[in-house]
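For reference, the chain that follows is the form predicted alone, supplied as structure tokens.
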Amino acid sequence: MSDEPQESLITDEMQASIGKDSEITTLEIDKTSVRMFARSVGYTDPVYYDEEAAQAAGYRSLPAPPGYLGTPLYDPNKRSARPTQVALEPSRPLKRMLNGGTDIEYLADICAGDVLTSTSAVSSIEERLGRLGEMLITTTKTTYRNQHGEIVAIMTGTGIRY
């Protein structure tokens, strides 16, 4: 094993991608999707199913359950409903990927009838040496705005390649 330091996993192209926003994605929040998501994750609070219960609790309509930030609009005449961010390759191959966690900060209510737009940007890229070898840790922030242009949520996701 050589004592010479290895070249960084983080390429100039990767470094230059930090802070650059993706294309905009449009997402709809509708009553059926709110109910389906709530049901699929086991939420039983009536505010997710009953309009009257939601309004009695102070919501405009059925609130989006925690973790649900809308359904991307689908157009069969376009390549993809979600803009793709090109995954830039590190200077040496890393074969495995792991979700390092997701955190969502809610800044306002999100309810059925809302139309959100989101943009994502890599906020940081770091490399570490772990017990499994070299790791590349990428943090991405996605900002969600409602139809009035107000930021309603910020999602921070961490991806680990090793």
Partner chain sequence: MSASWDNVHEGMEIPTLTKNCSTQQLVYWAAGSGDFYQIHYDHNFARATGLENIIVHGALKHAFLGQLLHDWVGNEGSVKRVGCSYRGMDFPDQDIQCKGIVTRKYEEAGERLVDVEIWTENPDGVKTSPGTGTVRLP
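Note that the structure is a prediction, hence the values are computed from the model and not measured. Residue numbers count along the first chain shown, from 1.
From this point on, the text means the form predicted together with its partner chain, which you will not see here.
Val115, Ala121, Met36, Cys111 - the one with a heavy atom within 4.5 Å of its partner chain in the predicted bound form: Looking at Val115, Ala121, Met36, Cys111 one by one, just Met36 meets the 4.5 Å heavy-atom criterion.
Close approach of Val47 to its partner chain in the predicted bound form, 4.5 Å, heavy atom: Yes, contact at 4.5 Å.
Its partner chain contact at Arg96 in the predicted bound form, heavy atom, 4.5 Å: Answer yes; at least one heavy atom of Arg96 falls within 4.5 Å of its partner chain in the predicted bound form.
4.5 Å heavy atom contact, Gly101 and its partner chain in the predicted bound form: Yes - in the predicted bound form, heavy atoms of Gly101 and its partner chain come within 4.5 Å of each other.
Heavy atom of Ala57 within 4.5 Å of its partner chain in the predicted bound form: Contact with its partner chain, yes.
Stretch 120-148 - residues with a heavy atom within 4.5 Å of its partner chain in the predicted bound form: Residue within 4.5 Å: Arg131 only.
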